[in-house]
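The chain that follows stands alone, in the form predicted on its own, written as structure tokens.
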């Protein structure tokens, strides 16, 4: 049995016992976070603002908020755009590096390699400078990953750094027969909704832990992307759209029969539930509202609209499920699919693109702000040896 250890501040009193071992540190406080927090009724807040109030902002303004802990005024909003534009040019031939990667590799692996490559091209060893440089270069990296994996690596347009972050991605992506204005709205909203989510989610914690050993921002965020790529974390949004496509109908009775059959088979119902929230995720609500505006008759959107009604009712029959409501993943895939991004294997890369800003801001805080600027020490949680008989070599 562990000896009780009390950790206290104004809000926390936790006695650690052996029940806290081997549970993935769930609920065990390890630090503070200045960029965001999550409440059971309003979901994620960025620097104190509920996410619903921020959903219509441009991504550049939320980057400013996460880095500076306040929303920009009109002058500051223009300045962050100019600043990111000045950092956007990639100091090396990224396309040639990406073209050597196996086309069958998952896009998240490409994203990790791409971020590492950007770090090898240039690292300033200034935490904030490198974080902002990476944020500025992500749209080009994302567009190149799409084009090169898909064999569209000829006639790639120049990166017009005068454009917004999302417009630069759309310009590099170069898809034809799509409504670029609607695509921009969907991607901009997606990025804002996904930029941060507290300090203890797997990818954020991983990125900060890697940075605590004084690895570069690029190595740290590449590590965070690797953590994000798993099916229990970021890749859930890919699984959710695949789940929707598998349903294939918006008929209420058929959707309910499908959900019950999945539960009977012991398979997950993607897009529902949340570790902290006890209501529908406000990020899901925002995306449903956007979908009702731009694509109410899209077949996949009609399916998730039906799921939004059916799944919580069916899941709510299980008293062990504390939150059967829709989460952020339920709608994002349907919206991305609607605007022409139809391959769900790419969806987690958008999650990663968004989270670079939040993780980057948290790394900057932990490395150069906390403890009077000394930074958080290297992460080294305590592990206890299992009870074993002592042995000696005869």
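Residue numbers count along the first chain shown, from 1. Keep in mind that this is a model prediction, so the values were computed, not measured. In this text, the rigid core denotes the largest set of C-alpha atoms whose superposition between the two forms falls within 1.5 Å.
What comes next is about the form predicted together with a small molecule, which is not displayed.
Exercise for the section: Answer with one of 269, 131, 191, 303: the residue that has a non-hydrogen atom within 4.5 Å of the small molecule in the model of the complex. Expected result: Contact check passes for 269.
Practice task
Sort through 322, 249, 124, 78 and report the residue having a heavy atom within 4.5 Å of the small molecule in the model of the complex.
Solution key: By the 4.5 Å heavy-atom cutoff, the listed residue in contact is 322.
Exercise for the section: Answer for residue 147 alone: is it within 4.5 Å of the small molecule in the model of the complex, judged on heavy atom distances? Expected result: Close contact is absent here: in the model of the complex, residue 147 is far from the small molecule, nothing within 4.5 Å, heavy atoms only.
Practice task
Please run the contact check for residue 312 against the small molecule in the model of the complex: heavy atoms, 4.5 angstroms, yes or no?
Solution key: Contact check for residue 312: no, nothing within 4.5 Å of the small molecule in the model of the complex.
Handout entry: is_contact(residue 263, the small molecule) in the model of the complex, heavy atom dist at most 4.5 Å
Key = Answer yes; at least one heavy atom of residue 263 falls within 4.5 Å of the small molecule in the model of the complex.
Exercise for the section: State yes or no: in the model of the complex, is some non-hydrogen atom of residue 137 no more than 4.5 angstroms from a non-hydrogen atom of the small molecule? Expected result: The answer is no: residue 137 has no heavy atom within 4.5 Å of the small molecule.
Practice task
Tell me, please, which stretch of 226 to 234, 67 to 75, 102 to 110, 154 to 162 lies within 4.5 angstroms of the small molecule in the model of the complex when heavy atoms are compared?
Solution key: Contact criterion met by 226 to 234 only.
Handout entry: Threshold 2 Å Cα movement between this form and the one not shown for residue 262, core superposed
Key = The answer is yes, as the C-alpha of residue 262 shifts between this form and the one not shown by 2 Å or more after core alignment.
Exercise for the section: Return yes or no for residue 170: a CA shift of at least 2 Å between this form and the one not shown, with the rigid core superposed? Expected result: Comparing forms between this form and the one not shown, the residue 170 CA shifts below 2 Å.
Problem - Core-aligned C-alpha movement of residue 314 between this form and the one not shown, 2 Å or more - result: Superposed on the core, residue 314 moves its C-alpha 2 Å or more between this form and the one not shown.
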